[in-house]
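Here you get one chain, nothing else, as C-alpha cells; it is the form predicted alone.
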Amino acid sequence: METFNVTKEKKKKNRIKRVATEQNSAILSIGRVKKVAIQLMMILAVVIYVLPFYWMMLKMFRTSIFAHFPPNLNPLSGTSLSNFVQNLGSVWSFGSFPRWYFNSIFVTLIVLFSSVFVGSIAGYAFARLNFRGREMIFYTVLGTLMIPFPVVSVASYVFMLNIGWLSTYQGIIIPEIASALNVFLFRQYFLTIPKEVEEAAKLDGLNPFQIFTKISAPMAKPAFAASFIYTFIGSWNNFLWPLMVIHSKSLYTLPLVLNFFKGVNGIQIYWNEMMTVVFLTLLPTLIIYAIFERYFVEGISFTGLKG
C-alpha cells in the first residue's frame, strides 16, 4: 500500500512537471513568434523609410528626367558618377542657385544661434530665478506650441507689411528666433541640475548670469544638442513663412527653389535635377545630426524628468 502511494505521488509530480514544461514551451514559442513579428515589422519600416532615399540617390546618378512606375531600382541601370557631376553642374549653374544656397545657410545660422541663445537664457530664468508670475508666464509660453502657424500667419504678414520688413532678411529671421520648444527643453534640463552646484557658485561671488555661462550652460550640452538639431531642421526646411514674406527671387531659400525644377506647365518634373537639389538640402542636416547625435537622445530623455 505504501509503495502504491509513493508510485502515485511520483506519477502526480511527473504529470505536474510535464504540464509545466509544456506551458513553458508554449510561452517560449509565443515569445519567439512575437520576436520574429517585431523584427519583420522593423525591417518593413526600415524598407519604407529607406526606399525613397535609395530612389533619390539613383535619380541623382541618372540623366533621365522621367519617373517610371514601378521605379527602376537597379543600381547598375543608367547610373554613373559623370551623370551626378552633370546634374550637380546643371543645378549649381541654374539661375542664382549659389545665392539661394547662401540665403538658406545665412538665415538658418542666424536663427540657429539666436534662438538657442534666447531659449537657453529664458529656460534658465524659468528654472532658477524666482519672480512674480513665473509659472503663469511659462505655461503661457508653452501654450503657444498648441497654436498652429496658419492661425497667426495672416496677422504676422500684416505686421511685417506695416513695418516694411517684407522681402528682407530680418523679416525672415526675427519671427523665427522666439521658440517655445527651446524654452521648454532648456527649462526642463536645467531643473535636473542639482541646485547645490549653483549655490556653491553663489558663495564664490558669481551672479546669476555668470553661473549660467560658467556652470549651468556647460553642464547642459545634451539640451543644447537637442535644441540645435530641432532649430536647424525647422529653420532649414521652413517653407510657408519665406513663401509669404519673400517677393524677390534674390532672397529665395532652398525649399522655395525646389519649385523651379518643374516644367512651365507645372506637370513635367526634372527628377534628376530635383533629387540633386534635395540631396544638397539634406546634406547639412545630416552633418548637423552627425555632430550632435551623441548628446541628442540624452537631451530629449531628460526633458520630462521634472515639472
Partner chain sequence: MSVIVKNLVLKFGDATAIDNLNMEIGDGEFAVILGPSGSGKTSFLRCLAGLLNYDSGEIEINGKSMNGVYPSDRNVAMVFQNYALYPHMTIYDNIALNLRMKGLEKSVIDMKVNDVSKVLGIDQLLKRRPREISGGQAQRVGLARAMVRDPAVYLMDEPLSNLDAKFREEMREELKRFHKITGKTIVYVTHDQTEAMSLADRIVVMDQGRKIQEGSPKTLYDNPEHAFVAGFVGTPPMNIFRMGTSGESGNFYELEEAESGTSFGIELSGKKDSRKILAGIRPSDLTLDPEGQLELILESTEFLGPTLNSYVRIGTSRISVAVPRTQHNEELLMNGKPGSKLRFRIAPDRIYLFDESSGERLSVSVRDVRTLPKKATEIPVE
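Numbering follows the first chain given and starts at 1. Please read all numbers here as calculations on a predicted model, not as lab measurements.
Below, we turn to the form predicted together with its partner chain, even though it does not appear here.
Its partner chain in the predicted complex comes within 4.5 Å of no heavy atom belonging to residue 135. Using a 4.5 angstroms limit between non-hydrogen atoms, residue 99 is distant from its partner chain in the predicted complex. Among heavy atoms of residue 164, none comes within 4.5 Å of its partner chain in the predicted complex. Although the partner is absent here, residue 89 is not a contact residue: none of its heavy atoms lies within 4.5 angstroms of its partner chain in the predicted complex. Of the residues 225, 201, 110, 116, just one reaches its partner chain in the predicted complex with a heavy atom at 4.5 Å or closer; this is 201. Residues from 199-220 that approach its partner chain in the predicted complex with a non-hydrogen atom closer than or equal to 4.5 Å are 199, 200, 201, 202, 203, 204, 205, 206, 207, 208, 210, 211, 214, 215, 218, 219, in the order they occur in the chain.
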